[in-house]
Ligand SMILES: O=C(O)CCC(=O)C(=O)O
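Coming up is one lone chain in structure tokens, specifically the form predicted on its own.
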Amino acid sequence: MQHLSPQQIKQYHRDGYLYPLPALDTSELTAALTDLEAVENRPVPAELSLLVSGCLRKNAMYLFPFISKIAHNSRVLDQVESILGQNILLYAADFFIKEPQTPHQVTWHQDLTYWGLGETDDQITAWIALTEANTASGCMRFVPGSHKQQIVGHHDSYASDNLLSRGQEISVDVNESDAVHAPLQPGEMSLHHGRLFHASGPNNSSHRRVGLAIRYITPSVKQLVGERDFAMVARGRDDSGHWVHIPIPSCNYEPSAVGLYLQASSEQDKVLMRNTGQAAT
């Protein structure tokens, strides 16, 4: 059991984040990187060819068993349970990969801004480093305590070097001097609140920076904008009726999983890109 201590839980509620925390052991980390490389080196099915980065940047747990395995890791879930309780749903799992010496970044934003889930406190992101994430390679940055306010205004840049779907960025001024860098070693993770101001810079290092962002919610959370939404039971049970349940895939690009992925992505894109006239990327 790897539950958070009372002091860590208090710190999370105070600051809106925790790091560094243990996530994957050496064997789990090696397996994850091997599986990721195999996916990257395999052609994407034709019906998915228009979607970004071979589907690694969006709902990747629908299509790849190794990602679902990471998201169901007991070490990770024990710590998430300390915040969310015993019933946990997996809402999304997305890779954020920055190649060496590239300008890609993530601007200041709040995760919950465009998801249609409201201002909920019952969502948390586990950001797992599969390679070292430090200040040079563009590790996460957090503004302590910023989760205590509601969702603020954002604007969309659609900048080519922004890894976010809309290039979204907080419209209010963020004092950079308040920001805390959150460096992680391979296999470590951070946890952060869905309203926390956070960002990450470009990768100026000589190594690839690979992070997996896993979004967890409680069954009480529900889609407030779209007609329906999808999630996978990660721990406990869901009797809420709010969610279409996603099964764990048995192999990469399992045909039934591909169909469900496309269906769910279409529904979520309507929410994510509402009022823009654009499709999600």
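A residue's number is simply how far along the shown sequence it sits, counting from 1. Because the structure is predicted, anything quoted here is derived from the model rather than measured.
What comes next is about the form predicted in complex with the ligand, which is not displayed.
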Query raised in the report: Heavy atom within 4.5 Å of the ligand in the predicted bound form: which of Leu90, Ile124, Ala129, Met140?
Result: Met140
Report summary line: Among Leu77, Ala179, Val106, Ile83, just one has a heavy atom within 4.5 Å of the ligand in the predicted bound form, namely Val106
Query raised in the report: If you check in the predicted bound form, is Ser200 within 4.5 Å of the ligand, heavy atoms only?
Result: yes
Query - Residue contact check: Arg209 to the ligand in the predicted bound form, 4.5 Å heavy atom - result: yes
Query raised in the report: Quick one: does Ala213 come within 4.5 Å of the ligand in the predicted bound form, counting heavy atoms only?
Result: yes
Query raised in the report: At the 4.5 Å heavy atom threshold, is Glu188 in contact with the ligand in the predicted bound form?
Result: no
Query raised in the report: So which of 146 to 154, 179 to 187, 69 to 77, 106 to 114 is the stretch with heavy atoms within 4.5 Å of the ligand in the predicted bound form?
Result: 106 to 114
Query raised in the report: Who in 82 to 107 is close to the ligand in the predicted bound form, meaning a heavy atom within 4.5 Å?
Result: Phe96, Lys98, Val106
